[in-house]
Each structure stands twice: as C-alpha cells, then as structure tokens.
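Just the one chain here, laid out as structure tokens, in the form predicted on its own.
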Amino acid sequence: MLYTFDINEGSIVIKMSEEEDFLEVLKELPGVGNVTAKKLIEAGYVTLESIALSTPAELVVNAGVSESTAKKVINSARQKLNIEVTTAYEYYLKKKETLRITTGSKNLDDLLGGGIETQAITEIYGPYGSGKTQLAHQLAVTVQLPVERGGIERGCLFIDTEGTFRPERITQIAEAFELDPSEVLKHILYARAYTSDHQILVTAKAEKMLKKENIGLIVVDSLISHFRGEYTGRETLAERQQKLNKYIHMLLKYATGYNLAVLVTNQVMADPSTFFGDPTRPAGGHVIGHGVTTRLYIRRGKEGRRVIKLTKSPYLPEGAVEVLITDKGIVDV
C-alpha cells in the first residue's frame, strides 16, 4: 500500500504535538506572534530551514503575511540557523554532511563518486525507453537500504507526471535487495501530477511531509513533460522557462534544507545544427542545464546494454559505464 495525499481535500496533516512544538519555536523568533506563526504552519512551513530558504514574495503569497513581516521572519530564521557568510573551511565541513545513495550498480556509483548525493539535483535524460524510469524506481528502493549497504534508511517521494510508476516493479527490485516489498512501498509517498500547475502545487504541498516521513529522496518523473506539452510556440517560451526555473529552485531548496537527494528525469530533443556525433540534447534549455547539479545521459547500447554517461558535474570528470536492466533492476554488466 502506498501513502497518497490529496491536495484538494487537505488530507496532509501534522500531529498536534509536533505543530504545537514548532509553534513555540516560531513564537520565539523576533517579530513573530501567535497569528503569524499559525499562518506559516498552515501554509506548510514546518521547519526553520523552509522559512530561511524562502523569499519574502513566497511567504506573502503562501502564508498571507505582509511583505515587511515576511522579511522579518526570514531574517530571524536565518539568524537562528546562523545562515551567514562563512569561511570556505566551514562550508567544507557542512558539505561533509552530504550523504550518498547507491544506484545498485557499483560501476555507476564509482562514476558518481559514491552514488547519488544529497543536497543536490541529479538529472538523467535520454530517449524513450532508455531506462530513466528504471533508475528512478531503483533509487526509490535503495534509499531505504541500511547505511552499511549504501542507503540512508529514509523514504522516497515519487512525483509521477506520465503515469509510469509501477508498484510491481518496486516489488521486484525490493526482493532483489532482500527487502520486504510491503515495507518498501509503505515508505514511498506517491503523487500523480496531471498538469504543470498541479505538479508545482503537489511539490509545494509535500514540503510538510518531508521531515515527518523522513524523506531522503524526491523523484520527479518526468520533470518537463507537462511544461513541454502545455507551453507551445515561441510566445510562451519565456513564461515556461520562468516557471521551470522557479520549480527547480523549489526542489533545490528542499535538497539543501532537508539534506535529501533529488532525481529528475528529462526528455530529449534532436539538435538540427549537429552534423557529426549524437544530436540528442536534453529538453528544457539552459534553465534546466544551469539548475541541476549533476547530469547523466542514458542510451541503448549493444546487446541490450545501457550506456550511462556523466555529462555534467561540479567536480567529477566525464565518463561512461555500461549497465543491464534486468528483472532484479539495474545491474553491472
């Protein structure tokens, strides 16, 4: 059985004890009274990190507070968390808190420096049927593995925009990793998004569940499907890219604020200006290219193999590995 949530019926709730505890934390911030604190909690701001990493405009729209109040609340939260200019060494120590989630393939883990990392967005793009969703399903399982086996013992939020999520596949992969399929499914929050606006709203509403359900991985499969289908023509391109940029920054805020990993799958397009080599390019343009931290390209190889290439990383060299997709999931060749 999967955990689901209905944004229209408002079925996502926080336990009263947790709400009261955080209400007291908020009221300790300068400039935050009982009314403002309740507005923030009702809007889904249930951690100081979620407030500190927001903009005044977001609090105005989401929580219904004034701009001046929003600025005071954000500044207070940042001071409480000591978010300020630090030395590179202090930043280095903070980055050491980054966790890694095994992909299930040792070769792919090595290519990624140990696996999919938290506090970052990893994108995998490729043609239809290349195996993007297979990796998404596998990580939804491996994130729940014990630390000594490459997991981080946390749950997954799976946002499905194309109807590709299959509980049966989760069951197969869980059994291959010697996990109880029922328990694995219980620790996956599932949301089906039907439009780009619905996708954004589902993701925003899910924030209050991230800490409560101990989420360690957010999967968006696929990132751009609805945006690409709804915004057609050059006259809508600017609006589409602006919404995409805002959405990616929301995901990055979750990744850094809750020390979790984000995996997004992306569609591809052919570059007509390419005369030599592979003309395949990820959809979404520079907004996605700049927004994601790490970028993987997957394509079909010989004899049913898949070639996964690391095409972008802040510190890792480019490289490629071959894997197989089997009934047990993604495995090394």
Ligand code: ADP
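In this text the structure is predicted, and so the values were computed from the model without any measurement. Numbering starts at 1 and follows the sequence shown.
Below: the form predicted together with ligand ADP, not depicted.
Query raised in the report: Heavy atom within 4.5 Å of ligand ADP in the model of the complex: which of Thr256, Gln241, Gln172, Asn75?
Result: Residue within 4.5 Å of the partner: Gln172.
Query raised in the report: Can you pick the one in Gln138, Gln199, Thr122, Ser130 that has a heavy atom within 4.5 Å of ligand ADP in the model of the complex?
Result: After the contact test, the surviving option is Ser130.
Query raised in the report: Among 164-172, 180-188, 224-232, 100-108, which stretch has residues with heavy atoms no more than 4.5 Å from ligand ADP in the model of the complex?
Result: It is 164-172 that comes within 4.5 Å of the partner.
Query raised in the report: Would ligand ADP in the model of the complex be within 4.5 angstroms of a non-hydrogen atom of every residue among His286, Thr294 and Lys312?
Result: Judged in the model of the complex, none of His286, Thr294 and Lys312 sits within 4.5 Å of ligand ADP.
Query raised in the report: Closest heavy atom of Ile325 to ligand ADP in the model of the complex, within 4.5 Å or not?
Result: Residue-level check for Ile325: yes, a contact with ligand ADP.
Query raised in the report: Lys38: heavy atom within 4.5 Å of ligand ADP in the model of the complex?
Result: Taking the distances in the model of the complex, the answer for Lys38 is no, it never comes within 4.5 Å of ligand ADP.
Query - Partner contact for Gln134 in the model of the complex: ligand ADP, 4.5 angstroms, heavy atom - result: Result yes; Gln134 sits at the interface with ligand ADP in the model of the complex.
Query raised in the report: Should Arg300 be classed as touching ligand ADP in the model of the complex when contacts are defined as heavy atoms within 4.5 Å?
Result: Taking the distances in the model of the complex, the answer for Arg300 is yes, it comes within 4.5 Å of ligand ADP.
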